[in-house]
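Below you will find one chain, with nothing else, as structure tokens; this is the form predicted on its own, and questions on how it binds or moves follow later.
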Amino acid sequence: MAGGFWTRFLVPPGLWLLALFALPIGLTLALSFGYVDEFGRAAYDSPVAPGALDNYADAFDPIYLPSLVRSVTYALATTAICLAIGYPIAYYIARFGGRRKYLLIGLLVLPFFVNYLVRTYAWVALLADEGLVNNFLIDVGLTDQGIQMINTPWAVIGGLVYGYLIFMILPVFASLERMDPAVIEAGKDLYGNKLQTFLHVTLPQTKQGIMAGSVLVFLPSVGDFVSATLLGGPDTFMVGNLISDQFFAANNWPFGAALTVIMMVFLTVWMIGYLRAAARETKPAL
């Protein structure tokens, strides 16, 4: 009886996933084997038809390969910087926040209720050639003319870090919150200094949070195109910009679909690697 109830209960979300997840992915996959006809329209072709894999071959053309490599590089840099910034913040709040720790977490989350696009435009206002930062530097006499900050890789990575930093803080904070303080005290009782206690006690205990935060930051960073569009230029465009251009500018939907499939496969492999590593970490020792 209970099994029948849950079976009926799962039908609506199952249909929702089929309609809004599985079906669009299937259409994207089918379109990736297509071509653009003489009227500029996307046309479907069989995966076994001659030339059906041309879109996938073109994706690895030297012209487009830098965008793919740049996306992974920026995402890895974003993940590393988010970890370097987010871990100390999460550690301080979890260990020394006291009764105000959840208030502090709430204050950190609050800005992220603002739309990501709006927050990125705020960075444009700050980093533009005549923006607030450059005007401040000129006013205090640190420079005679504005420093180019926009249209640089560091501006794009900075925008990505700001956009996804909270996704690193929250999992790390949760893992630190679950830690038994007695474990840390035991490390100190074994004559370990603060650094040794952190490296051999705290850090291993929070590995799950670090892994989860890294995945939550890396996955959206790879496919992001807002930061590269607003804070970067043609030399900093990522794969998300390339996909967007194929759909909305070049009107080459089959090639854009092929790029999307390649990115999904890459992210799926990354996710499977994380799940396998997480399963090994949580598996009890025999």
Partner chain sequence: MSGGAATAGVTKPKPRARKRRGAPKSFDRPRYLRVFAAFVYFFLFAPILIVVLFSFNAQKSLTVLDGLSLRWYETFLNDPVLRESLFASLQIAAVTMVVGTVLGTMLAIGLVRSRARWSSGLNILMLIPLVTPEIVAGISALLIFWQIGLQLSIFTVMLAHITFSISYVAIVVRGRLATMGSEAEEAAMDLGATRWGAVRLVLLPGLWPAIVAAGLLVFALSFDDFVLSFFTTGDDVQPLPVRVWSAIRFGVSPTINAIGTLMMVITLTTIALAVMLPRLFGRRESAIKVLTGQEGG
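Numbering follows the first chain given and starts at 1. Just so it is clear, the model here is predicted, and its values are computed rather than measured.
Omitted from view is the form predicted together with its partner chain, to which the following refers.
Enquirer: Check Leu108 for me: does it contact its partner chain in the model of the complex (non-hydrogen atoms, 4.5 angstroms)?
Expert: Leu108: yes, in contact with its partner chain in the model of the complex.
Enquirer: Considering non-hydrogen atoms and a 4.5 Å limit, does its partner chain approach His200 in the model of the complex?
Expert: His200 lies outside the contact set for its partner chain.
Enquirer: Mark Phe60 yes when one of its heavy atoms lies within 4.5 Å of a heavy atom of its partner chain in the model of the complex, and no otherwise.
Expert: Looking in the model of the complex, residue contacts with its partner chain do not include Phe60, since no heavy atom lies within 4.5 Å.
Enquirer: Contact with its partner chain in the model of the complex for Trp253, defined as at least one heavy atom pair within 4.5 Å: yes or no?
Expert: Taking the distances in the model of the complex, the answer for Trp253 is yes, it comes within 4.5 Å of its partner chain.
Enquirer: Tell me the stretch among 204-212, 152-160, 72-80, 129-137 that has any heavy atom within 4.5 angstroms of its partner chain in the model of the complex.
Expert: It is the stretch 129-137.
Enquirer: Since the partner isn't included here, can you check whether its partner chain sits close to all of Ala52, Leu65 and Trp270 in the model of the complex (heavy atom within 4.5 Å for each)?
Expert: No, because Ala52, Leu65 and Trp270 lack any heavy atom that approaches its partner chain to within 4.5 Å in the model of the complex.
Enquirer: Are there residues in 146-178 with a heavy atom within 4.5 Å of its partner chain in the model of the complex, and which are they, in order?
Expert: Result: Tyr162, Leu165, Glu177, Arg178.
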